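One chain follows as structure tokens, the form predicted on its own.
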Amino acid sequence: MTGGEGLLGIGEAASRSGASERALRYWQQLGLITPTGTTPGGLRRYSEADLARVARLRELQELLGFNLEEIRQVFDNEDRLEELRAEYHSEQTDAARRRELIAEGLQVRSRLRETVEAKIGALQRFLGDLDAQRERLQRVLDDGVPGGPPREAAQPAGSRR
């Protein structure tokens, strides 16, 4: 596809999306994003929809902690949902096919939910580990630091017996 009006070069797309040019190239190499067009010289051109996909990728990565393979799975499912939606709204789609599309959409949403549940489970385990470590450290503080004076023997600075 060749460039068009309103499309951004990679520098402007990087600036607007908050991602580096290198990240945009890497994500394209992995197939996570695809610029809408290219110039006759082969330079990438990005649309607003492309920038929205980059924003979604960054959200999944930074806020939700998804790795690139998990993001690929999310994108594959979301792309399939968009295909199903388009076919559902097509004038050529009959009622029976619409039911099939809804059933498949339900399956895709269930897969997405499983992915999110797995991430939540991992985060809950991590949080549980952090809480257990904090509790152990608090007990050490409460019982006296090993190698230090017993807690009851500690005196405020400047006091004498």
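Keep in mind that this is a model prediction, so the values were computed, not measured. So that there is no doubt, residue numbering starts at 1 and follows the sequence shown.
Only in words, not in the display: the form predicted together with the DNA, which the text now covers.
This chain is displayed alone, yet in the model of the complex one of P40, G128, G121, G31 has a heavy atom within 4.5 Å of the DNA; that residue is P40. Only one listed stretch (109 to 117, 60 to 68, 92 to 100, 130 to 138) carries heavy atoms within 4.5 Å of the DNA in the model of the complex, and that stretch is 60 to 68. Proximity of R16 to the DNA in the model of the complex falls outside the 4.5 Å heavy atom cutoff. Taking the DNA as it sits in the model of the complex, the stretch 17 to 36 comes within 4.5 angstroms of it through a non-hydrogen atom at S20, E21, R22, A23, R25, Y26, W27.
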